[in-house]
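We begin with a single chain expressed as structure tokens, specifically the form predicted alone.
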Amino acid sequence: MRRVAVIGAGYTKFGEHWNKSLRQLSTEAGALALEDAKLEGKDIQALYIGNMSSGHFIGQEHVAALAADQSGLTPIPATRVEAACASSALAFRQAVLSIMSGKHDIVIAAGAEKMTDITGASALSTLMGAGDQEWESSIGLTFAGLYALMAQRHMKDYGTTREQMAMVSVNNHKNGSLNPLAQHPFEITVEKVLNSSLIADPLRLLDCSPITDGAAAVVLVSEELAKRFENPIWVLGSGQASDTLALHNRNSMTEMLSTKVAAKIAYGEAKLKPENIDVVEVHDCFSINEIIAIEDLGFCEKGQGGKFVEDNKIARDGERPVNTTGGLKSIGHPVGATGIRQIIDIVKQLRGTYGSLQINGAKTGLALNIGGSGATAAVHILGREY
């Protein structure tokens, strides 16, 4: 099978885009990626786009055809990929596989979501479609409630503290304050997190990622074509796994089997270990998820994620820089676009030209995108060399 490289990348400003539609956001992201790659639409052979629930959010289905139409990419094959909040990471994976197989040589992978055209309550109801309807959403559980249960159990089993969870948000906002594309580019304090509104005990408002509009896109090419482009970033490993949809059916509430399995696959393909990863993007939809992710990816022992955060090991100058551009908490979380956005931030770090956001010397990066409460996980490892 052939190797695959990313040669173009771009994402829109994340936030509440009252004056932009889903089609405008997705077209903008695609144009940014093509401009970055110095290519034109006629060069693209296939499109994969991640989108969770445009039918509920804006009343528009058939999103892949819409994206191809509005971007001037017809009549190439265009495919929508849905896996809740992991939709665009799986779109990326499908693009990688299509090139590895020899079917295509140059592909766009994208993600887009327009979430703010409905009320907050309706948005939360739509998001719970990613949970188990019979056992969770029908009795009033939200994802904040599900992750609160994980947090409570993690605190009970391992002594994780409220302050340690707050430090996750503080770190991500500190990084996001440097990112002009972030929805909330400002710093916060532990005290502000602890004093913010209670959402689902022990999670508070500033433990939670926001409702967001945005889009992201990358251009991928085969190894043969990559040689024609400056500074390609290589896909070293791609892993995907699943777990039970309902939280109560899992063996553990303090780990995600899907993450551990997907990571094992990706590490194996990349021939790397956790200690070989220089920069990390993890799915911090809620602060506890970042702590669990750090553990499940092998950056520290199980139960030590809170201490790992407290010791500043996830900081930009720490042992394992995590969410160096703000994470979901500060950048925002347009659910269908987040996975590609994470990959773009890894790509830009590995290029070594990310300005104030740059982590010096980064040669390898890992992105973890989670769907729902962990029923889907996608892990991608990228590198400057292969």
Partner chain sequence: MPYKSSVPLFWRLKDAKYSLVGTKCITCNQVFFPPADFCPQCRRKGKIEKFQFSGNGEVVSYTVIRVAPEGFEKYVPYVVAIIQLDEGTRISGQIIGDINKVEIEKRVKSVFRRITEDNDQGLIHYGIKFEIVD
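As the structure is a prediction and not an experimental result, all values here were calculated from the model. Positions refer to the first chain, counted from 1.
Not on display, but discussed next: the form predicted together with its partner chain.
> Is it true that G140, I199 and M253 each have at least one non-hydrogen atom within 4.5 Å of its partner chain in the predicted complex?
The answer is yes; G140, I199 and M253 each reach its partner chain.
> Among 117-125, 294-302, 169-177, 270-278, which stretch sits within 4.5 Å of its partner chain in the predicted complex, heavy atoms only?
Heavy-atom contact with the partner occurs in 117-125.
> Can you pick the one in Q152, T79, T161, N312 that has a heavy atom within 4.5 Å of its partner chain in the predicted complex?
The residue in contact is Q152.
> Using heavy atoms only and a 4.5 Å cut-off, determine which of V193, L90, L247, A263 is in contact with its partner chain in the predicted complex.
Going through each option in turn, the one that passes is L247.
> Spell out, yes or no, whether the shortest heavy atom distance between F229 and its partner chain in the predicted complex is within 4.5 Å.
Contact check for F229: no, nothing within 4.5 Å of its partner chain in the predicted complex.
> Taking heavy atoms only, is Q133 within 4.5 angstroms of its partner chain in the predicted complex?
Flag for Q133 set to yes.
> Taking heavy atoms only, is G237 within 4.5 angstroms of its partner chain in the predicted complex?
Residue-level check for G237: no, no contact with its partner chain.
> Do K156 and its partner chain share at least one heavy atom pair within 4.5 Å in the predicted complex?
Contact check for K156: yes, within 4.5 Å of its partner chain in the predicted complex.
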